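Quick setup: one chain, the form predicted alone, written in structure tokens, and binding and motion questions come after.
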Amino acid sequence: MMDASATVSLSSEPFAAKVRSHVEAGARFAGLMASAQGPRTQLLAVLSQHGSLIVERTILPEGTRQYPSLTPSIPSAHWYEREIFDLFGLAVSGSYPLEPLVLPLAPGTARPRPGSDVPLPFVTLDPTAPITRLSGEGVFTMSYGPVRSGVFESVEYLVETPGEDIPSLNLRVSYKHRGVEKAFEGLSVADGVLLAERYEGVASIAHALAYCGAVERIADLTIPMQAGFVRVLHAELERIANHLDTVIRHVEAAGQAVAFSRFSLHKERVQRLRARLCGGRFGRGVVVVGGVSGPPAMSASHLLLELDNIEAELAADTKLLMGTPSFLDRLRGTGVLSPETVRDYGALGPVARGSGMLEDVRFARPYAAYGRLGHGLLDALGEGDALARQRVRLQEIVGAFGLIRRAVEELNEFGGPPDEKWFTPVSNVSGDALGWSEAPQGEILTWVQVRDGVLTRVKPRSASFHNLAMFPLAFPKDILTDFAFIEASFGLSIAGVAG
């Protein structure tokens, strides 16, 4: 069962042609996923047009070694093709080689093939260094990471520079690969939520919503209305915490010590509020298949009062920060992404909205209780630099506070669901579907396949994975000292990229 408009092609050539035709007609390329079906492999392309999803599939016969590349006409497909090569060993037609991305394996090593339900034996990794692209007098290569100062995730940036400019930047994210997609196989749909929450820790709620949304579409069930309000409450608190983290990283890079302390305090207050509501700072255990595990552990009046206090102090500090010329100068004109780039790559979240591309699946493709709570999306900005992306996030923080208040007020008005049943039980379902959510980083897509209540394939696609392909494109007009600001402005999660 696929809830979106879906067609199946018996050949990879018509499949690729259909995907390209959708993009030429104005659809946004949203992802390319793969799943083992015994000795065969199914490819699934997802596109978004006017808020609706379009799905194209093809099933590659046993022994297939390659399929037509989408990259020449769809630049963002390149990263998906690299990931599929790592996990399935499928190359693409064309003259260029696919560099390893999430799992660099030595030649002859068995591929994981998620969906095959076959345990992966011990693998041998390929230690070959990332490919360098520049040469000439005065050019040098600097490996930045995977271990560096601060508490950042393990990622290696291969910086090639003739001095200050960064005309070439390569990345290696495989240090963070945990094999999560294989770990889903054989779990019950209920236990799958526990793993979905941990796929990308900074977006635990968003991933749980996307996963549960897919299962609920397979089961054709509707969650209790009150559970939708609770889902919005926790999702928006997660958004506020993540957006504050980008501010913290920006002010730290700019040497704004007071602002660093103040915004760190605001984030900590939000995280503690989340813990008081559900017992955990990341909201894990709240979202379950069919609804939520229970109501907030605070009264509406106390919660609203706490929100008012946090927002008032945060607004005062934000006004001071955004009126500080020395801070604004470091972000203005830094890491510019043109509207053409974000359109060609189908950018997501604040990265897209900072360059004028307006799409937010909370409102374009409503889930939870967003359709009932009304439109909370603000205007996109067009400058395309780190400052524009930061302003988008600050606007979204304001919008998130408003959505939380409406959700709490609605929940308080309606009270608990009948018989205090906060979730609808799910039986032993079978089928497949896509689920989605708008994480702080942008749209998450999760493809779920289940047979008799047991997961056979779960493929989460994080916004970080999709957006990171554009990261090197933000550097040609910037210098090495801009690196920290551009990285923070993307709001990336490497765990969500490496899987």
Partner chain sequence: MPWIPRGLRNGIVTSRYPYKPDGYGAGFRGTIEVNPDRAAQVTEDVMIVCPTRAITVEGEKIRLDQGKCILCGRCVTKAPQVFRFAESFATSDLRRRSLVVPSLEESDATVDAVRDSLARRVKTLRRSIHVRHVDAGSDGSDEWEVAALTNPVYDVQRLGIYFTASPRHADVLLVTGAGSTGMTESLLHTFEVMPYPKVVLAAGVEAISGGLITNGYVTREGIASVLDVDVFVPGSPASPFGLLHGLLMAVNLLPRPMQHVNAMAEPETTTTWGREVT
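Please read these numbers as outputs of a predicted model, since none were measured by experiment. Residue numbers count along the first chain shown, from 1.
Another form exists, predicted together with the partner chain; not displayed. Remarks below refer to it.
Between the partner chain and the residues Ala259, Ala254, Ala364, Ala400, the one pair within 4.5 Å by heavy atoms in the model of the complex involves Ala259. The listed set Met142, Met298, Ala91, Ile131 contains one residue whose heavy atoms approach the partner chain in the model of the complex to within 4.5 Å, identified as Met298. The partner chain is not shown here, and in the model of the complex it never comes within 4.5 Å of any heavy atom of Tyr157. Contact annotation for Pro100: none of its heavy atoms lies within 4.5 Å of the partner chain in the model of the complex.
None of the heavy atoms of Asp344 is located within 4.5 Å of the partner chain in the model of the complex.
At least one heavy atom of Asn242 is located within 4.5 Å of the partner chain in the model of the complex. Only one segment in the set 213-221, 321-329, 72-80, 389-397 has residues whose heavy atoms sit within 4.5 Å of the partner chain in the model of the complex; it is 321-329. Along 301-324, a non-hydrogen atom within 4.5 Å of the partner chain in the model of the complex is carried by His302, Glu306, Glu313, Ala316, Asp317, Leu320, Leu321, Thr324, in order along the sequence.
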